[in-house]
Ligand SMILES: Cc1cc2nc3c(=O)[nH]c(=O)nc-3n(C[C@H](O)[C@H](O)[C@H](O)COP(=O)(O)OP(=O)(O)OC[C@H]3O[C@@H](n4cnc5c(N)ncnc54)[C@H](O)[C@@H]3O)c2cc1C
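One chain follows as structure tokens, the form predicted alone.
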């Protein structure tokens, strides 16, 4: 290990390389419940060339290298004991704001909200407002994860707005994608679908297994004139899903969240399910779009409720406002952890999923009570044509048996729903065996790509279940 540390210090400044236990132990797992090993050394590069140097050393020393942003995911990175932990948090600069091309260039460690703050000074904003952890998660990590953002119904996924990337491949080579791949033109990033295949798409949502993102070129837009809100309660979840699908067909909502399980919003126990709706547009168009959503909700039995909680959720970015309650309402008086299951499905299938989850909770009520399992939510972000469900079942963090049960419950839900209709939007190491093995020939193709790009399997090994020793290739 001393030789490895010495080589890394020769690539990066010594003060940005540490093998002290007090530093290493902070990089063992993400925000989820899956355990991780303690890295052998932590290195914090600040340039693409330093990233390339670290990966070359990892190959020479046959030592796994894991990428670390802010680690706000809830699924499990699978950090290996003794690995190189490459933290990109110091690569956090805004490099360029190009209003003419409507593109911003940022380093991967830049935090969503900090970038938006700078754009808002100019009357602009990022193409999507960012995922739920916009105050803490990084743009590079969210692109590598292809995080589900706010405003999903109108603006789409995080990856939809990536124009191009600078990426360091596992062997240390630095490449650009899209229009930026043209070296003769000076790597100008303004169009993603140029110069052949969509290489950008290879790295969006690949969780860092094919390369390290070192620059992101992202679409920006002018801030809309108006934001308007609606909040509806429904007699049953089937009607709420029908209303959401009708709103999708009308393309009326910018953002739409359905609440189908967990604590009900305060003072609304009479309702079975709920829809929060956000509309952003011009002063002329926004009121008409909001009226469409209201008419649709009421035609499916929806009852209008106080939309102040919708506004507070959207403007304050506090998830608990969806239920108009403080976080203690979810977590109680002891530490709880969430083994999250999340994925896409056709909108109509949300009915089947909610019925399955509710029935499962009834069938396993004794086990849930024994391990103090609490349903935080069965919440759905609706996209333009589909649905993304979050299934959060909390367990007491300090209870080992409850922890084991919570992780087993996550695996069971992931496996069962993937066999039916769900395509997970977050995979990582912890649930990759339940997901990747269902992809058939696509899984074989991804393993071939991994083997070609990373023959020593040093970069984020195990994260997508692509290595021979875990994939049984």
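Numbering follows the first chain given and starts at 1. Fair warning: this is a prediction, and the values are worked out from it, not measured in the lab.
The same protein has a further form, the form predicted together with the ligand, not shown here; the description that follows concerns it.
Colleague: Run the contact test on 48, 105 and 180 with a 4.5 Å heavy atom cut-off to the ligand in the predicted bound form and return yes or no.
Modeller: The answer is no; none of 48, 105 and 180 reaches the ligand.
Colleague: Pick the stretch from 182 to 190, 146 to 154, 231 to 239, 358 to 366 whose residues have a heavy atom within 4.5 Å of the ligand in the predicted bound form.
Modeller: Of the options, only 146 to 154 has residues within 4.5 Å of the partner.
Colleague: Do residue 64 and the ligand share at least one heavy atom pair within 4.5 Å in the predicted bound form?
Modeller: Answer no; every heavy atom of residue 64 is more than 4.5 Å from the ligand in the predicted bound form.
Colleague: Using heavy atoms and a 4.5 Å limit, would one call residue 347 a contact residue for the ligand in the predicted bound form?
Modeller: The answer is no: residue 347 has no heavy atom within 4.5 Å of the ligand.
Colleague: With a 4.5 Å heavy atom cut-off, would you call residue 124 a contact of the ligand in the predicted bound form?
Modeller: Residue 124: no contact with the ligand in the predicted bound form.
Colleague: Can you tell me whether residue 275 touches the ligand? I mean in the predicted bound form, with a 4.5 angstroms heavy atom cut-off.
Modeller: Taking the distances in the predicted bound form, the answer for residue 275 is no, it never comes within 4.5 Å of the ligand.
Colleague: Among 133, 201, 396, 301, which has any heavy atom within 4.5 Å of the ligand in the predicted bound form?
Modeller: Checking each option against the ligand in the predicted bound form, the one that comes within 4.5 Å is 133.
Colleague: May I ask you to choose, among 253, 380, 213, 341, the residue with a heavy atom within 4.5 Å of the ligand in the predicted bound form?
Modeller: The residue in contact is 213.
Colleague: Counting only heavy atoms, which residues in 65 to 79 are within 4.5 Å of the ligand in the predicted bound form?
Modeller: The stretch 65 to 79, when checked against the ligand in the predicted bound form, contributes 67, 68, 69, 70, 71, 72, 73, 74, 77 at the 4.5 Å heavy-atom cut-off.
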